[in-house]
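We begin with a single chain expressed as structure tokens, specifically the form predicted on its own.
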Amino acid sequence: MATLVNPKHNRIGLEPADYKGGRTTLCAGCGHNAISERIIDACYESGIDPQRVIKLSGIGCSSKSPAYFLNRAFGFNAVHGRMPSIATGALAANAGMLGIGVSGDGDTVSIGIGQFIHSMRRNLPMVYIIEDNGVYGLTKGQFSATADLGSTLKTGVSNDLPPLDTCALAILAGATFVARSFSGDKRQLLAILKAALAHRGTAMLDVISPCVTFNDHEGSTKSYKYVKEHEEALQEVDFIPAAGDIQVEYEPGTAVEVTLHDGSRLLLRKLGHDFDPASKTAALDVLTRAHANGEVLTGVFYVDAAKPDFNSLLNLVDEPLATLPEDRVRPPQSVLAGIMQELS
């Protein structure tokens, strides 16, 4: 009799297949698919229970991505630019859940910029991923608000408006974990995603994700070729989970270690930058200089593991609010009587 070989399992006993989603319908070679694959890898390696995840999205090519990972998770596809509001309500009512929001540069920085800013300042306990390709892929490739000044469309039209930097906006607004990566950089993106999943608060990841149909040509600053030639990593990123081996080796004085709320550690090795990820000023400075030099700077820009998240500020319980009995959510008659007495 043949002996069955047990498939590989993670620390909670699940297989890689338990983290997959449906078959993609995006264009072949789309960077969004690479991001979905890294989310699958990060959740599997981190031992995330898919049934404790809420997947959220808005409108655009990016909004389709949640269908391609964690098919056991809960999901909600919101209207254009309104994903942060749905995320706020869902995560406040279900404080024990992990939110993974996937948005696009148009969904977030154009129609949804007001909602984006307020979700950052609330410090919601969620991973907010922007799949950033600089164009509106579903409406034939017009420039989005993250398109760089002077970049061109396939038609030859040049962009004459300055871009909005989602990382700078997130830092200024109050996000407590801000990073940028490239969909083609598997190692860096995976490490950043695993650290983001361990962070308690808003982890905002801007991922340059080239649109192979409308924005992968000569003249685009978000094409695969341009990003590969102009990418400059701020640091090497390593993630050491609390449940794993915490023995690491690196040259003394060349790394910065950040301890996250659950005991996991984010290890940032310097690559020619004297940079402090705990400083908002330093983060904004390197982003500004990178723009001036035409560089696509990637890495972890800012981390604050001490700031309380939105649910902690509201003193919310871990149980879903919809399951709480009336005596825990409704003040008794004596409370109303006391208020009326005070006002009489």
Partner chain sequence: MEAVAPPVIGELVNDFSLQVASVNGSGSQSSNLVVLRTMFQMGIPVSGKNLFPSNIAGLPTWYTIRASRRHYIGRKQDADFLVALNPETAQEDVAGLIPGAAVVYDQPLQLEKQRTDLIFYPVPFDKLVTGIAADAKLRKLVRTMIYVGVLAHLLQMDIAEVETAVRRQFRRKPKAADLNWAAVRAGLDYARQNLVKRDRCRLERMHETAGQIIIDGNTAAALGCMFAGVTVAAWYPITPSSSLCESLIDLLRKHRIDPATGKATFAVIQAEDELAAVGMVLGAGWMGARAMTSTSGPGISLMAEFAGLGYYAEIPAVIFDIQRVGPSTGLPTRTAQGDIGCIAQLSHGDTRHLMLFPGSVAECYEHAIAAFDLAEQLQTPVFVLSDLDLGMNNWISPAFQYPARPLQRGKVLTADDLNRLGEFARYRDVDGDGIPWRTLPGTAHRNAAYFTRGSGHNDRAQYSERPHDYAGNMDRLRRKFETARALVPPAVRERAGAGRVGVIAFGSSHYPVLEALDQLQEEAGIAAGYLRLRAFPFGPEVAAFVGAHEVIFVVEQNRDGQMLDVLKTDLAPEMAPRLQPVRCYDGLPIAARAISREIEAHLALLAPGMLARNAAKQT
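Whichever C-alpha set is largest while still superposing within 1.5 Å between the two forms counts as the rigid core. Numbering follows the first chain given and starts at 1. These numbers were taken from a predicted model, which means no experiment stands behind them.
The same protein has a further form, the form predicted in complex with the partner chain, not shown here; the description that follows concerns it.
* Asked: Here the chain is shown alone; which of M97, V212, L172, L164 has a heavy atom within 4.5 Å of the partner chain in the predicted complex?
  -> Residue within 4.5 Å of the partner: M97.
* Asked: Between the options L316, A305, A34, C27, which residue brings a heavy atom to within 4.5 Å of the partner chain in the predicted complex?
  -> It is L316 that has a heavy atom within 4.5 Å of the partner.
* Asked: Does F310 make contact with the partner chain in the predicted complex, using a 4.5 Å heavy atom cut-off?
  -> Looking in the predicted complex, residue contacts with the partner chain include F310, since a heavy atom lies within 4.5 Å.
* **Partner proximity in the predicted complex: V335 to the partner chain, non-hydrogen atom cutoff 4.5 Å** => Taking the distances in the predicted complex, the answer for V335 is yes, it comes within 4.5 Å of the partner chain.
* **Contact label in the predicted complex: Q115 to the partner chain, heavy atom within 4.5 Å** => Yes, Q115 is a contact residue.
* 4.5 Å heavy atom contact, R38 and the partner chain in the predicted complex -> Because no heavy atom of R38 falls inside 4.5 Å of the partner chain in the predicted complex, the answer is no.
* Can you pick the stretch from 51-59, 297-305, 38-46, 283-291 whose heavy atoms fall within 4.5 Å of the partner chain in the predicted complex? -> The contacting stretch is 51-59.
* **Sequence-ordered list of residues in 182-214 near the partner chain in the predicted complex, where near means a heavy atom within 4.5 Å** => Read in sequence order, no residue approaches the partner chain (within 4.5 Å, in the predicted complex).
* To do: Classify P331 as shifted (yes) or not shifted (no) between the shown form and the other one, where shifted means its C-alpha moves by 2 Å or more with the rigid core superposed.
  => Superposed on the core, P331 moves its C-alpha 2 Å or more between the shown form and the other one.
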